[in-house]
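Shown here is one chain on its own, the form predicted on its own, set out as structure tokens.
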Amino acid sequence: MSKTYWVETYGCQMNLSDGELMEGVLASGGYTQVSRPEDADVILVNTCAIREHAEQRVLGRVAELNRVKRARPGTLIGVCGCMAQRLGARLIERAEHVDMVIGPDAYRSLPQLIDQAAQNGGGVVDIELRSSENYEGLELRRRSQVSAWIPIQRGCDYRCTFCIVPRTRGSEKNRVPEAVLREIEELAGEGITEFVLLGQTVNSYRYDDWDFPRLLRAVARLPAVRRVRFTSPHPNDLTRELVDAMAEEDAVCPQMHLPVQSGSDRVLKRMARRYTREEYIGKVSMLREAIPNIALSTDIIVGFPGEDERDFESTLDLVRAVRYDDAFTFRYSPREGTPSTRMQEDWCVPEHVAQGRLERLIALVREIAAEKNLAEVGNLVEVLVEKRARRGELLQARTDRYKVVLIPGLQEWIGRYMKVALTGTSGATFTGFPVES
């Protein structure tokens, strides 16, 4: 009888890719995916540790999944990923119904770890960081037949004072470029045309005499590749060579997510971001000079220890100057083991102050994004149809600038490139109508 599994993923694009990796490993080990956790012999919750709220959400979900164990004795629950790496065995102490705690470098051994948990009645912990593990040679179970995540780098050598990633994913490990290109060629042969290169600081990629601009150009020139994106770059590694590659290679999308975190030099220095406000704005200017229509998004943290009103106003001023198409905004969340927690003792920003700043920032970001999107209504654009939309009889499509467009259409259009007229916007997404299929 086939063993069954359910994988539930929270967090960033790397976590989504890891979820596909885990599914591929389990499928290769003889497991069958089910459509709901209630039917699974093994439930794996793939987690994020970047903020306290994310961890609390996962703990609540894991407690909820315990009902499956009560209804189906013998079901195993595993917590995987960054939260598992951060908490280790403490996670089992906090949630006794968790049978396995599996870090990001242990997915290759999932079937063996599951067997061990079944034989021992749980208590399995594998959070060893393996300096050579980049999962080369493992088959992924792709969720999408339209677009593919391609991890090229794991871990991070930057040490931003607020960030837990170096502790949960280890030091930077880059894949062999020929293996990356071979994987993309195989997927392109199966009909996938859009590829997203993934790394914690993806543009710091280097392998022998290959740097990221060279790899990006090589991917963009592969036959049948129509679109290439990458995330998330670090501003320090945004070079003229990379900008030239983006501008000159037709397949590279005119879109970038460029985290800034703060518009204040004082805060950036305490964050150990290694650039100034002026240097960041200079990078944005370089991008826009070479790619005038580029769409930019970012990450911003408010309420970092020691941030005062002048610092926050500097962040608002930067947002007004750059005019992002979108931004992911967060209230500072202290992470055990990061240097910023020591700063908090002396420079704590009260929660109500940080929340008020977050709300003001979100309002400004939405106002600018809505203005920019409204100006695009009426344009004719090419979209890639991705999937059925969540509401109505609509399809979700996306422009090369990463703008979501909802259009009426047929299921068989998924995977096609189409010309659509943008007919309206909600401020965040567009509605459109096909003019050419």
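Position 1 is the first residue in the sequence shown; the rest follow in order. This is a predicted model, so every value here is computed, not measured.
Keep in mind that the form predicted together with S-adenosyl-L-homocysteine is not shown, yet the notes after this line are about it.
Participant: Of these, Arg331, Arg266, Arg142, Arg217, which has a heavy atom no more than 4.5 Å from S-adenosyl-L-homocysteine in the predicted bound form?
Facilitator: If I apply the 4.5 Å criterion carefully, the residue I get is Arg331.
Participant: Exactly one residue in Arg388, Arg61, Arg51, Lys69 has a non-hydrogen atom within 4.5 Å of S-adenosyl-L-homocysteine in the predicted bound form; which is it?
Facilitator: Here the answer is residue option Arg51.
Participant: Would Pro259 sit within 4.5 Å of S-adenosyl-L-homocysteine in the predicted bound form, counting heavy atoms only?
Facilitator: Yes, Pro259 lies within 4.5 Å of S-adenosyl-L-homocysteine in the predicted bound form.
Participant: With a 4.5 Å heavy atom cut-off, would you call Gly81 a contact of S-adenosyl-L-homocysteine in the predicted bound form?
Facilitator: No, Gly81 sits far enough from S-adenosyl-L-homocysteine in the predicted bound form that none of its heavy atoms falls within 4.5 Å.
Participant: Within 4.5 Å, heavy atoms only: does Ser147 come near S-adenosyl-L-homocysteine in the predicted bound form?
Facilitator: Output for Ser147 is no: heavy atoms all beyond 4.5 Å of S-adenosyl-L-homocysteine.
Participant: Please run the contact check for Phe195 against S-adenosyl-L-homocysteine in the predicted bound form: heavy atoms, 4.5 angstroms, yes or no?
Facilitator: Answer no; every heavy atom of Phe195 is more than 4.5 Å from S-adenosyl-L-homocysteine in the predicted bound form.
Participant: So which stretch, 319 to 327, 93 to 101, 195 to 203, 238 to 246, is the one near S-adenosyl-L-homocysteine in the predicted bound form (non-hydrogen atoms, 4.5 Å)?
Facilitator: The contacting stretch here is 195 to 203.
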